[in-house]
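Next up: a single chain in structure tokens, the form predicted on its own.
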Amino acid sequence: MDQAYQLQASAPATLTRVPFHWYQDTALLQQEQREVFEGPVWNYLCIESDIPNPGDWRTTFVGRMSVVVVRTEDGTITAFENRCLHRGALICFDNAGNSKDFTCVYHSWRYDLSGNLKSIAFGKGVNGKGGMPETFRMQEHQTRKLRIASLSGIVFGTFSDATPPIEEYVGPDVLFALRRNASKPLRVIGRFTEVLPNNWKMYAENVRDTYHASLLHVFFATFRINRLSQGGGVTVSDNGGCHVSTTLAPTEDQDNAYAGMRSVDDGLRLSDPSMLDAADEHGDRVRQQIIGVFPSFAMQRTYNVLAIRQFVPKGVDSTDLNWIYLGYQDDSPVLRKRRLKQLNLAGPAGFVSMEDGCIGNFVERGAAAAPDALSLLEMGGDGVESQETRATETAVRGFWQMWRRLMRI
């Protein structure tokens, strides 16, 4: 190995360098499950309105671990690992349902709504023969349970007692943005899963990469949804892992020469200009906003589209991206129709975001034979401070700061 390549292969000294093998190493993926997803972090689980009634439940993921989130008889929310304590089978197979309790289909071990083991088929044997030993105690065998926090109707969970309160974890600016976007009761108006052919961390970077949008997403630039000349900036939490990036609508001075839905550069027009007919619901002039909560949650607001993105690692080079589209429960028919139309901006075939479905794989393929080469993250400096510009990679560096701290790398 020549000296130049040896230098590349050494551990990066700053947050501005990331070895490509951090996306490629299966052992790291296994370590991430323990140290990151099951560590002192808050994982997105569901929306409270997903499980409004006692017995309502949904399955979700904490990293690669399947989890059941349940509304119990007294109205509280609980969550536990979706794994039978007997032989490891899934307890719940469907995405959602309503139950009085849960029974594993394999050998009928039964659990209550909080995941407590309540009974075992043939536990006393049959005709005085077989069964569990006298020393077996069900209370000594319980599913792994999560601590729950609900933030404006958005439910998060953690396995760690060391995780700080969620308000402290996300920081005041992220907290303010989340509460503003969820200022009224939320309602799910659509959901689907997109399969990404890349490591989950590439998508975690993508939602924190605040300046690629006006370059990669041509629709953004063409119709002036997101240009770096518009106002906005990036706020990074103290722990580095959470952020808010915001693009404001152009002022009259900035946009005086812009008419209708016309592209300044090439004269392109929308056949249905009402696609971008937006209402300023919150009076904040926000045209595009991404909120990231480490490790795998993002909330998007584009015009009147409100969506949660949950990215779930399925393998070292495969990620499920769960899209959960939201409205408010008191939406008028006109506003609901506008949201549903503008859903076409986002998702795997969205006018805006379809490029995100493939760009991570372009990186995977480009770096396939260069595991010890380094990705470079110097845009906007080498720190993780908040900045009044989106021409920066400060939030990406913040993600890696928190990831490295948890992984002890």
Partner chain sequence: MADLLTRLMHLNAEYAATLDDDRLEDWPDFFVTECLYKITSADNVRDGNEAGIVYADSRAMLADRVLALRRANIYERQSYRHIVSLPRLTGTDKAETPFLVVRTMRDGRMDLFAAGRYVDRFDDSAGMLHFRERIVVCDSARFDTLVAIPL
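Only a predicted model underlies this, so the values are computations on that prediction, with no experimental measurement involved. Residue numbers count along the first chain shown, from 1.
The form predicted in complex with the partner chain is left out here; the points below concern that form.
Against the partner chain in the predicted complex, would residue 192 count as a contact residue? Criterion: heavy atoms within 4.5 Å. Yes, residue 192 lies within 4.5 Å of the partner chain in the predicted complex.
Would residue 139 show up as a contact with the partner chain in the predicted complex if we use heavy atoms at 4.5 Å? No, residue 139 sits far enough from the partner chain in the predicted complex that none of its heavy atoms falls within 4.5 Å.
In the predicted complex, residue 275 touching the partner chain (heavy atom, 4.5 Å): Close contact exists here: in the predicted complex, residue 275 approaches the partner chain to within 4.5 Å, heavy atoms only.
Check residue 112 for me: does it contact the partner chain in the predicted complex (non-hydrogen atoms, 4.5 angstroms)? Because no heavy atom of residue 112 falls inside 4.5 Å of the partner chain in the predicted complex, the answer is no.
Counting non-hydrogen atoms within 4.5 angstroms of the partner chain in the predicted complex, say which of 169, 102, 223, 156 makes the cut. Looking at 169, 102, 223, 156 one by one, just 223 meets the 4.5 Å heavy-atom criterion.
Can you pick the one in 63, 348, 55, 40 that has a heavy atom within 4.5 Å of the partner chain in the predicted complex? After the contact test, the surviving option is 348.
Non-hydrogen atoms within 4.5 angstroms of the partner chain in the predicted complex: do 270, 325 and 344 all have one? Judged in the predicted complex, 270, 325 and 344 all sit within 4.5 Å of the partner chain.
Within 4.5 Å, heavy atoms only, one stretch in 65-73, 352-360, 25-33, 377-385 touches the partner chain in the predicted complex. Which? Checking each option against the 4.5 Å cut-off leaves 352-360.
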